[in-house]
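Given as structure tokens, the chain that follows is alone and in the form predicted alone.
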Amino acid sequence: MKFDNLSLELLNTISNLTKIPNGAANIRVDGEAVVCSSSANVTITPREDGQGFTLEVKPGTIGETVHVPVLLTQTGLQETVANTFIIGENSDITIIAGCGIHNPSHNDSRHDGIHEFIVKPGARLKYVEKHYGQGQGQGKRIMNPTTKINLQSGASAEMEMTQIKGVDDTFRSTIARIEDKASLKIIERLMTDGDQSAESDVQINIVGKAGSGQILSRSVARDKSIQVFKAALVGRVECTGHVECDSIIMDNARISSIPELVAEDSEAVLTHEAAIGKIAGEQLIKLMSLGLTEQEAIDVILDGFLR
């Protein structure tokens, strides 16, 4: 499979790929899996309807990286894809996902991705997902990711979910279940501008003793964009959990941050922090004193904030 320049540009933006990767990979372009390959330890099996796959990692697999990006370059394409990830016991694996939409027309393009993760006892998962939209047309670039996570005894997962720019509408739903001594860290980074809207709804249920969960969100809202961040942390047993939401608001944007803590056991320790504010004037002055224009200084501050 040879990608054109546009597809390579999108691939590089969302997953840092410049060519088809070695090993296990699934690359979907305009409604079709154009690359689907397995390795000795990672098996990718397409669904019969072609709308997704099941990825299974053998127990004890260490250090393997799998790429599963999605590209939409066909104007007006709208699809729903469902993928299942089964991470075998005592394995340690990285999965690089993401979706890039190029839409230069007046028709809306939309990708709804449903991802279910089953992380077996003692396994470790790092999951990186980037969303990006481009194109000068009036048609919207819409992405609605749904993520379901089940961490079994002693498992751990770190999930980085980033919306770079160019996504007009998104509803991001994440539901997690954490068992005994398992741990989950969710890092969300989000940028909106223009008339874009973004809503995140995260719920972590800690059901096993000594389980832990973290939700860390950083976002920037510019122009007339709207953001809503909801995060519920439910501790049903002895456990620890923390929700943290920091946002920069600019221009005429609007941000709502709604953290929720629910403790159902006297040994559950749950905390939250939330802050919404503007760029500090002293930061701008310091950078501008080094020779940057005001816009360059703003860009540097925002880039650093979202890292």
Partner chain sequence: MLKLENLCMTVNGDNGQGREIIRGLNLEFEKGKIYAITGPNGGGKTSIAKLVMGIFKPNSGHIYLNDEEITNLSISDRAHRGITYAFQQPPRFKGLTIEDLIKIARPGIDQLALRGAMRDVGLCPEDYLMRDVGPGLSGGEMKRVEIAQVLARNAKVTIFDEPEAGVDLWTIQKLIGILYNKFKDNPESITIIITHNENILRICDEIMVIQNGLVQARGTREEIWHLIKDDVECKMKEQCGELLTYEI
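Just so we're clear, the structure is a prediction, and the values are computed from it rather than from any experiment. Positions refer to the first chain, counted from 1.
The form predicted together with the partner chain exists for this protein as well; it is not shown, and the discussion that follows is about that form.
Although the partner chain is omitted here, in the model of the complex none of G50, K148 and E160 has a heavy atom within 4.5 Å of it.
Heavy atoms of V300 reach within 4.5 Å of the partner chain in the model of the complex, making it an interface residue.
For the chain shown alone, I20 is not a contact residue for the partner chain in the model of the complex, no non-hydrogen atom being within 4.5 angstroms. When contacts are judged by a 4.5 Å heavy atom cut-off, E267 does not count as touching the partner chain in the model of the complex. The closest non-hydrogen atom of D246 lies within 4.5 Å of the partner chain in the model of the complex. Just one of R218, K165, K224, R236 comes within 4.5 Å of the partner chain in the model of the complex, counting any heavy atom, and that one is R218. Judged by heavy atoms within 4.5 Å of the partner chain in the model of the complex, the contact stretch among the candidates 22-30, 58-66, 253-261, 278-286 is 278-286. In the model of the complex, the partner chain lies within 4.5 angstroms of at least one heavy atom of each of the following residues of 286-307: K286, L287, M288, S289, L290, G291, L292, T293, V300, I301, G304, F305, R307, in sequence order.
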